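First comes one chain, alone, set out as structure tokens in the form predicted on its own.
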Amino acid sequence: MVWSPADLIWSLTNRAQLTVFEAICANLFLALIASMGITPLYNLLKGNQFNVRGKHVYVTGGSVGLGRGVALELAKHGAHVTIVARKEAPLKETVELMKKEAAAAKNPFEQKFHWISADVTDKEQAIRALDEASVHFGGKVPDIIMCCAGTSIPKLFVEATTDEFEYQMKLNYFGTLYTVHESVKRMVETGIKGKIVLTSSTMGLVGFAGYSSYAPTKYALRGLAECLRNEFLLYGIGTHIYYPGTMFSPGYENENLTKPLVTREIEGSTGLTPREAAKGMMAGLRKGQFTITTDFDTNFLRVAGKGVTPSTNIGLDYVLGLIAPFGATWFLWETNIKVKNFGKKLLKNDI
């Protein structure tokens, strides 16, 4: 039987006239459609699950790129914001931009914006930065911690130095760990039911040529976030992780200085600005999503490698899960071909 839309509507209201098989199919279809609405309905009933108005939010890597975009979104929505990074000039510039965002939003109370120069790869400096941020709020730890500091030095494995491997792990993973560990200890000690937001990457869901020194650091953050999401239920502290795709930021420009041609070919040229990524990230947080993505490809990879994590949308995740093995196989085949062709060109010295 070939069903038209009219047949489908008829079948849902006249199930008594269907065969057993047709009735099963109709019921399964109804269940699938209904499941797609479960998560949006739940989010609607829960309302904004990431209300930053009047909260003190602490952002690492807040001077440029995603961190700056996040800081501006927070200022716009009424948060008190402390940004942390190494270089003073871009920190000061970001604070001025936050003031403009707050003024344009006409928030009915005075917001506090602070910057702190610190290297979060140094545990003592990471703790000192948290101390300084707390001073302006009576010694209270920030309500929300958002870790956006990170870097990528894409190279072929044999061309990268072990120092570059160590540095990226130090900043991307330990730079996040030091801040989260210290802040959560303080939250638990003082009974604050705060929130922690980690930033991974599409490369925390898939790995391919050129990112052997970067992807493992982002996979490590995924493992950390999944452990903390479960463990922090003990304290009422929320945990979230964002998987941004390509962002056209100063960091992206630096990446392209060392990025192999084959890596560029695999990842393509589409992406978001840091502000667009920040808006998408905040939208996911307001819905209470544990794993947040802002582009289709990364969301597809999230489903393909979902593991044991909360669904973003139960029904949609199920549908994507049915086709994910086929899409993953296609991606695997495509990347293998591109790398092999690149290898042939290398042997012929055509590159």
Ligand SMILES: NC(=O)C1=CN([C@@H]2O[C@H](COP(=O)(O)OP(=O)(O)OC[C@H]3O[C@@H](n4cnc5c(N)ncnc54)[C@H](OP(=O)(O)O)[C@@H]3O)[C@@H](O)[C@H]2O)C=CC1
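Since we're looking at a predicted model, the values are computed, not measured. So that there is no doubt, residue numbering starts at 1 and follows the sequence shown.
The protein also exists as the form predicted together with the ligand; that form is not presented, and the subsequent description refers to it.
Student: If contact means a heavy atom within 4.5 Å, which one of 251-259, 135-143, 99-107, 231-239 is the stretch that engages the ligand in the predicted bound form?
Tutor: In the other structure, the partner sits against 251-259.
Student: Using heavy atoms and a 4.5 Å limit, would one call Gly194 a contact residue for the ligand in the predicted bound form?
Tutor: Close contact is absent here: in the predicted bound form, Gly194 is far from the ligand, nothing within 4.5 Å, heavy atoms only.
Student: At 4.5 Å between heavy atoms, is Lys218 in contact with the ligand in the predicted bound form?
Tutor: Lys218: yes, in contact with the ligand in the predicted bound form.
Student: Could you confirm whether Gly65 comes within 4.5 Å of the ligand in the predicted bound form, counting heavy atoms only?
Tutor: Close contact exists here: in the predicted bound form, Gly65 approaches the ligand to within 4.5 Å, heavy atoms only.
Student: Using 4.5 Å between non-hydrogen atoms, is Thr121 touching the ligand in the predicted bound form?
Tutor: Thr121 belongs to the contact set for the ligand.
Student: Heavy atom within 4.5 Å of the ligand in the predicted bound form: which of Ala225, Ala85, Ala278, Ala75?
Tutor: None of the other options qualify; the answer is Ala85.
Student: Since exactly one of Val184, Leu177, Met247, Ala209 fits, which has a heavy atom within 4.5 Å of the ligand in the predicted bound form?
Tutor: Only one listed residue qualifies here, and that residue is Met247.
Student: With the partner absent here, would Ala149, Ser201 and Tyr214 each sit within 4.5 Å of the ligand in the predicted bound form, counting heavy atoms only?
Tutor: Every listed residue reaches the ligand in the predicted bound form, so yes.
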